[in-house]
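Next comes just one chain, in structure tokens: the form predicted on its own.
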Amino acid sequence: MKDDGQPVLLFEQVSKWYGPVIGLNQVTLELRRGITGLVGANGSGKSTLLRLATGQLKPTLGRVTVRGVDAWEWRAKALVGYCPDNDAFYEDMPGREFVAAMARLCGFEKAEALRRTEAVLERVGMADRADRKIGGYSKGMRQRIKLAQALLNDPQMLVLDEPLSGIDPIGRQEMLELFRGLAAEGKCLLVSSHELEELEKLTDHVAILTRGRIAAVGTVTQIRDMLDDQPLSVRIDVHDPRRLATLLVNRLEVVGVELEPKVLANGTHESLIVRARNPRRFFEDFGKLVVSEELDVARLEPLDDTAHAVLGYLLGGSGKT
């Protein structure tokens, strides 16, 4: 596929409101050929972003385009293949019949629809199992059939929502190789997942979404470097905050320490506000300090929502508060 320098997918200051609820807030995102991972906890806005990218929703503000065409228009939708997370099959229909029906709905004549059906079933490893009814499929087989229908129109962009969910380790490796092959052909893949660790096996380029905003985009290394350059504020509830302050104040990663009065049910208590650079190293060092000094830590809370979400993913957590 020739690269004309134009983004495959472009979000320009996009917001989407559901009445008083903001699903997406002033998102700007540009995707080109290759694989980009989209990471976000439940409620982060991932589903809204994917539906806007595939033309299922119109933005309240801003513009979404696929190869320069408004994503809502049929010309843009013809360039996109979509593999949703949820299942919506005719359970009594065999997989081959389902994919062929989807090909006809794409506008292909019968002979071409059947040819494409066999090609995509072969590509996703379902050619020898596609005559069974979908109702008897495993979760992994259902995922493969969804991917097959997404490939029918040989799309320039593939939007994949949790595509590895429910697939066994061998099948997962086969799917990862398939995605890499599609990217090598010049396609743009947007792969959504809850887990950064899963996406890192596929791509190093990720976008992290939190509370309707893009918190970070780039390679995992670039995002970690970005966090390292920006101090993070952390509130620590501990039995003896003054002792902890003394232990932390001269640490290399600690920029500042402040005692904060806090009223609890049993009376006034002090929390510790710590500003630290290189958050990854700080948390590793802090964990060792807690163990060696036998500190009684009741709560540790990053105060920057964006950094909290990004840091959660980079440290292998969910990013949830």
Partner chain sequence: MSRPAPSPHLLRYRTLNTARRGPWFGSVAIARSSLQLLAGRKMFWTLYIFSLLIFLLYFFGQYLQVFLEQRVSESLVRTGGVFGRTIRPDFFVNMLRDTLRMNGTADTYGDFMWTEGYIVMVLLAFAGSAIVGNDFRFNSLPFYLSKPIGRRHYLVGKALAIAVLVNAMTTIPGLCLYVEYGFIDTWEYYKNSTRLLFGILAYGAALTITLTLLLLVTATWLRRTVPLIMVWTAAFVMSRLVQRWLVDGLGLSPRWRLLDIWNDMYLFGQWCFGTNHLLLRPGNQIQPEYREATAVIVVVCLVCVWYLSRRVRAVEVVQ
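Because the structure is predicted, anything quoted here is derived from the model rather than measured. Residue numbers count along the first chain shown, from 1.
One more form of this protein should be noted, the form predicted in complex with its partner chain, which is absent from this view; the next part is about it.
*Asks:* Only one of these stretches, 233-241, 210-218, 88-96, 247-255, has heavy atoms within 4.5 Å of its partner chain in the predicted complex; which one is it?
*Replies:* Single hit among the candidates: 88-96.
*Asks:* Check each of Leu164, Leu151, Met157, Met141 and return the one that places a heavy atom within 4.5 angstroms of its partner chain in the predicted complex.
*Replies:* Contact check passes for Leu151.
*Asks:* So which of His205, Arg132, Arg115, His194 reaches within 4.5 angstroms of its partner chain in the predicted complex, heavy atom to heavy atom?
*Replies:* Here the answer is residue option Arg115.
*Asks:* With the partner left out here, check for me: in the predicted complex, does some heavy atom of Leu57 sit within 4.5 Å of its partner chain?
*Replies:* Residue-level check for Leu57: yes, a contact with its partner chain.
*Asks:* When the contact criterion is heavy atoms within 4.5 Å, does Glu109 count as touching its partner chain in the predicted complex?
*Replies:* Glu109: contacts its partner chain in the predicted complex.
*Asks:* At the 4.5 Å heavy atom threshold, is Leu199 in contact with its partner chain in the predicted complex?
*Replies:* No, Leu199 is distant from the partner.
*Asks:* Contact between Leu189 and its partner chain in the predicted complex at 4.5 Å, heavy atoms?
*Replies:* Leu189: no contact with its partner chain in the predicted complex.
*Asks:* Could you list the residues in 102-140 that come within 4.5 Å of its partner chain in the predicted complex, counting only heavy atoms and keeping sequence order?
*Replies:* In sequence order, Met102, Arg104, Leu105, Cys106, Gly107, Phe108, Glu109, Glu112, Arg115, Arg116, Ala119, Val120, Glu122, Arg123, Val124, Gly125, Asp128 come within 4.5 Å of the partner.
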